[in-house]
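What follows is a single chain, given as structure tokens, in the form predicted alone.
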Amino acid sequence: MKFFHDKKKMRGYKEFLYILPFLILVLVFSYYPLYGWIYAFFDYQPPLPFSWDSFVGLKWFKMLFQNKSYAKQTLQVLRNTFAMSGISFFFSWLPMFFAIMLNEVKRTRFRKFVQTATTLPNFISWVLVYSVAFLMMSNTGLFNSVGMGLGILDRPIDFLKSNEHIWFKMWLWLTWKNMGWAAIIYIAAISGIDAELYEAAKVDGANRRQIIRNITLPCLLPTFFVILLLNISNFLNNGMEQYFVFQNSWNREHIQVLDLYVYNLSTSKPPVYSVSTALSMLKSIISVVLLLAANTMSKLLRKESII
């Protein structure tokens, strides 16, 4: 009965019950599926039942680097993954810059309109994004129709089948879709800046550019560095949906990232579940290593831990 009279323990018990449903969801959807990693150590051939007689140890992990075909394909996929993640990483300051510029808009209605218009694409599926791209950039799309009508183009250009600058084009679509959503956290951080700082700066005669440079930007940098370090840990996680809908036989060599490659292996004929599982395992392990490295970097540079 003493437990129920101890307010501190009761409060801790209630707070634990609050987060318990979320812990269960994480266990069910994030940790329980890790049981599937076991297929990386077996020669599993669907639809045959799973059997311990087909245990092969590290065979598939070795084959990823020893088999010339798999090694070449893996290196090609890693090149694409690092290139696209590198472009996104290099321009990771854009959402912060967009949030600052949006905050400087004084007309409330126009600012809300821009924020809503730039955030809505995040809720559109990549299938619909590709539909928009097809309507605009296919042989009979808007760009070709206008270009042919104005005499700018002699013949239609199918931009979706072009392999040129595919990494940059994928980054542009990703930025269009996600920048408004990514800027929300910076907009929230700006709203949390002490208003007295701005008032004191105005009293001292600072203009808008000086206020941004000396108050807004320094207050946003801690948030930016945390997100930047988290992006380092997710360097290999490009996602699959975007590249899946945009891939074709003309651009596959440069658009196939690691997640898409794992999916293509598991859906090939015949499917190679074991190899795709081994590759997915390696990606997860590398991501954890990158997260720990980013956390160590945060401790050294910022004296703060992100995990």
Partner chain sequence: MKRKEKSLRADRRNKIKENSLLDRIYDIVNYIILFLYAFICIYPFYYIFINTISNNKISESGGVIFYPKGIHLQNYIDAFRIPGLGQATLVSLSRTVLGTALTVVTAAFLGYMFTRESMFKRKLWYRIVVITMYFNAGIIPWYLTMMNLGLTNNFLGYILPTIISPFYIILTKTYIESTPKEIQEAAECDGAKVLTIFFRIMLPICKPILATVAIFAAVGHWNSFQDTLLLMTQEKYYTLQFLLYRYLQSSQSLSSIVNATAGSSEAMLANAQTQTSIRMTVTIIVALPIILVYPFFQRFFSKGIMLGAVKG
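Note that this is a predicted model, so its numbers are computed, not measured. Positions refer to the first chain, counted from 1. Note that the rigid core is defined as the largest set of C-alphas that superpose within 1.5 Å between two forms.
Missing here is the form predicted in complex with its partner chain; even so, the following discussion is about that form.
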Here the chain is shown alone; which of Ile215, Val77, Leu228, Met179 has a heavy atom within 4.5 Å of its partner chain in the model of the complex? Met179
Considering non-hydrogen atoms and a 4.5 Å limit, which listed residue (Leu153, Ala71, Leu142, Leu197) is close to its partner chain in the model of the complex? Leu142
Check whether Lys202 has any heavy atom within 4.5 Å of a heavy atom of its partner chain in the model of the complex, and answer yes or no. no
Is Ser284 a contact residue for its partner chain in the model of the complex, using a 4.5 Å heavy atom cut-off? yes
Using a 4.5 Å heavy atom cut-off, state whether Asp43 contacts its partner chain in the model of the complex. no
At the 4.5 Å heavy atom threshold, is Cys219 in contact with its partner chain in the model of the complex? no
Give a yes or no on whether each residue among Phe55, Met63 and Lys303 has a heavy atom within 4.5 Å of its partner chain in the model of the complex. no
Does any residue in 90-104 get within 4.5 Å of its partner chain in the model of the complex, counting heavy atoms only, and if so which ones? Phe98, Met101, Leu102, Glu104
Residue shift check between the shown form and the other one, rigid core fit, Tyr32 Cα at least 2 Å: yes
